[in-house]
Structures are given as structure tokens and as C-alpha cells.
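What follows is one chain in C-alpha cells, specifically the form predicted on its own.
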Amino acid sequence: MTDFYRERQCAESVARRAGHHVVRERARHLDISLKAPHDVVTNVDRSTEELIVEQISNAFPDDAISGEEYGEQERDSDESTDRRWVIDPIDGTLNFAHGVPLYCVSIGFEVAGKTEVGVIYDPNRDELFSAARGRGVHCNGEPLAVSTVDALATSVLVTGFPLGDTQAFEWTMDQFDLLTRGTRGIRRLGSAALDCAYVAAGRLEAFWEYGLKPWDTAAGYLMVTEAGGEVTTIEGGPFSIEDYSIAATNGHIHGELLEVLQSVT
């Protein structure tokens, strides 16, 4: 089994550097604009993605790179490749723009459409979450495992709300209502990557959301599975980062959660 040690080391180093850049640049100069109604972007998102792309391209010039701000990057080689880096320079941009210290850098590395390495760095708490397929997940070097809570009623969940006036937004509101009444509580952190990392760390029992993009979950979903959890679509099918929905849990409450989520849709 290939351990992708070099790729993991690169992702960890680049994520830390990018996180420090994010914090430093916010203090120096912050310019906020709209990509779409209710969807903000900052100059720091863009400069951080440029930094990440440059560092990864220097280390792996023949690999494909897909980022939130600039999309697919040109490669040195014209030959096709099944190796791709999927990056989110700041997951939680709205928090970042408003000074809420809940955001992170997310870097996923995949081969043939399957994430092999995932790294998430939270610069405000100096927490580096790092996973490699078949080799577990760690936070600052310490191994992580999902929680052992085995009932929805005693669980704490986390979710996000889709942008825009959509059916998925209405579903989420109804699910939020049902699950607020049927659990110990629901959190809204504003960063899907951190949501997944927190489930992997056993801090929360489950995360669900509609309308995410590949860079939101490329690193995080691997962390949940490597920590012993379960990840599917809300419909219950196998999960891919290209899917429209995600349900990531500690595994013990997965079926119970899906039953509630699906009762709305």
C-alpha cells in the first residue's frame, strides 16, 4: 500500500504556512467583495490560494490542482494524470471576514477520484488535523477517534445552511427543527472542513449539509472514516466529494440520523 508520505508532509507544511499567511494578511489589509449574493470572498482567500498552488506545484509539478477561487490550474505536463490536489484556502470565509475565529485551510490529495491524504489547519487554535488512508487521523500528532455516543437523543450535531432560496434550504430548516428537539443540541460553525474534523475528533457526533463543493469535504470526509466514523450521502449512498449532500457521523448513530433526515426529503 502506498502511504503517500511525501504528499502528506507537503500538505501539512503548506497548510501551516498558508494558515499563518491568512492571519498575518488579515491584520495587514482585508478587502471583502461578493462572488454571489450572500457569498463573500476576500483578497486573502485569493492570495492564500496562490501561495498554496505555488508550493504544491513546486513539489509536484505534474499534479492537477483544483481550488475554490481559481479552479483548475495549468500543469507543467500536458499528459493526463489521476493525481489531484483539492484546496480551500479559507474554509469559513464569512467567519474570517467578520473576525469570527472559526475558519481553516483545507488540502485534500486524491488519486483516481479517491482522497488519500487530507490536512486541515486551524490557525487560531494552532490545530493541524492530518489523515492518510489506512493510517488514521491525528491532531498535532495525537491520534483521534470518533465518539462512542450511540443514541441520537444524547448526541450533539453540526450543520450548515445552503445558500439561496432552494428546496435544500427548506429541507435543512425542517431537519434542524426536528433534530433540535430530538438531540442535545446543534451547532453551526460555518466551516464544513472543521465540522468534519470535529466529528473525527469526537467533539461532535454528526455533521450533515447540502450544497457543498469538492474543496469543502475533500480532506474532512477522509478524517471521519479514518477516525472510525461513517460517511454517506443524506440519501444513504456511497459518498463522493462531487455529491450534493453529506452525512458524516461517528457510525453509531448513522442509521438513526439518516432516518430523520430522509423523513423530511
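Numbers follow the displayed sequence, beginning with 1. Owing to the predicted nature of the structure, the values given are computational and were not obtained by experimental measurement.
One more form of this protein, predicted in complex with a small molecule, exists but is not displayed; see below.
Checklist entry - Should the three residues Arg16, Glu49 and Glu127 be counted as contacting the small molecule in the model of the complex, with contact defined as a heavy atom within 4.5 Å for each? => result Checked in the model of the complex: no contact with the small molecule for any of the three.
Next on the checklist: Using a 4.5 Å heavy atom cut-off, which residue among Glu226, Glu68, Glu230, Asp63 comes into contact with the small molecule in the model of the complex?
Outcome noted: The residue from Glu226, Glu68, Glu230, Asp63 that makes the contact is Glu68.
Checklist entry - Heavy atoms within 4.5 Å of the small molecule in the model of the complex: which stretch among 211 to 219, 198 to 206, 23 to 31, 55 to 63? => result Careful reading of the contacts points to 211 to 219.
Item to check | Close approach of Pro123 to the small molecule in the model of the complex, 4.5 Å, heavy atom | outcome: Pro123 lies outside the contact set for the small molecule.
Checklist entry - Is Val137 close enough to touch the small molecule in the model of the complex, meaning at least one heavy atom pair within 4.5 Å? => result Answer no; every heavy atom of Val137 is more than 4.5 Å from the small molecule in the model of the complex.
Checklist entry - Given that the partner is absent here, does Thr93 sit within 4.5 Å of the small molecule in the model of the complex, heavy atoms only? => result Thr93: yes, in contact with the small molecule in the model of the complex.
Item to check | Touches the small molecule in the model of the complex: Arg188 (any heavy atom, 4.5 Å) | outcome: Yes.
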